[in-house]
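Starting off, we have a lone chain in the form predicted alone, written out as structure tokens.
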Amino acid sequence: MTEKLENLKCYLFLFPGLIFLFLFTYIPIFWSVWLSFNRWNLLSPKPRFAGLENFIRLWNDEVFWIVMKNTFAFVTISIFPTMILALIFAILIDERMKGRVYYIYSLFYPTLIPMAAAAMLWVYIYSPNLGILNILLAKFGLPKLGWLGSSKTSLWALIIMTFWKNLGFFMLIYLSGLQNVNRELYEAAYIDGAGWWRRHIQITFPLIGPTSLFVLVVAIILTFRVFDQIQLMTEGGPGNSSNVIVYYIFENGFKFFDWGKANALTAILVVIMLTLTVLIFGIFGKRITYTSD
């Protein structure tokens, strides 16, 4: 009886938070999924059930496939280099490298800059005539690039900016995770003659698994919902070359006022992120070591 009362107390404390979660997360998701099966735009102000019409329109929409290609390219290219470099910097800083405080501040500072300010900074960096990148290219005798004005480089420019913005955040998470690794394991491996690379491959990488899993899931969420820098730097252009799914949702909902199509895109985004999260936990969750004892 006492155990049941304790459990009831726990649920009572969770109840206010669950209400907000239900009202502002689950209900909007289910409502958006329902609206994805409706025709809803300026010509039909009230939602009218249309079945799979919005999804069929997306299937036949050439821009949709460009957007999906850009989205997965952005996610794939952004995440893994950022995670790898973040882990390397975290390891170096954790080993008490000279000037470690300076490196921590330097790497983490971009995370603190508001996205609007960061986007404007990088618009200046990418400027065709005044930007520092083109000035450096000119000094090396290389042609200047229209970073944000070319369909060949616009997505890459956004990826570089996002990499710079997220690196310090992931590095700090890895640095926190490294504090849980038993230092005696490194000492034992050093005595056994293991070199720097071997110590980290055999000890650090397996034991940092839970942190890597967390960083991967967070990185997927952050990159799939990228919007601010695209809105401020390229507006999805030129020619949809830097358009991604969240910005395409915004365009359909608030520029074209096609709310049925926008909600269909939202439903697709939710399914993709849910599927990826389940797959990641299903594939890597059971293979991760959660203790260093």
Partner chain sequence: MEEKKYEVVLKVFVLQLGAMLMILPFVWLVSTALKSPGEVFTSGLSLIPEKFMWSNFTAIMDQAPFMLYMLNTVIVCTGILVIQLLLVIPAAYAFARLDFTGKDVIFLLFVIQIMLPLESIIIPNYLITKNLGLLNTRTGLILPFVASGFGTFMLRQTFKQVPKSLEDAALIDGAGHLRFIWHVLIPLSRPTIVTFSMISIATHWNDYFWPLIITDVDRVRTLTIGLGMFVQQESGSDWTLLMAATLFVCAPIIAFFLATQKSFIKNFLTSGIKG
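Positions refer to the first chain, counted from 1. This structure is a prediction, so every number in the text was calculated from the model and none was measured.
Form predicted together with the partner chain: not shown, discussed below.
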Self-check item: Partner-proximal stretch of 251-259, 63-71, 50-58, 236-244 relative to the partner chain in the model of the complex, 4.5 angstroms, heavy atom
Solution: 251-259
Practice problem: Check each of 79, 159, 172, 207 and return the one that places a heavy atom within 4.5 angstroms of the partner chain in the model of the complex. | Solution: 172
Quiz item: Does the partner chain get within 4.5 angstroms of any non-hydrogen atom of residue 125 in the model of the complex?
Solution: yes
Self-check item: Contact label in the model of the complex: residue 44 to the partner chain, heavy atom within 4.5 Å
Solution: no
Quiz item: Looking in the model of the complex, any heavy atom of residue 38 within 4.5 Å of the partner chain?
Solution: no
Self-check item: residue 201, heavy atom within 4.5 angstroms of the partner chain in the model of the complex
Solution: no
Quiz item: Considering only 14-28, what residues come within 4.5 Å of the partner chain in the model of the complex, judged by heavy atoms?
Solution: 14, 16, 17, 18, 20, 21, 22, 23, 24, 25, 26, 27, 28
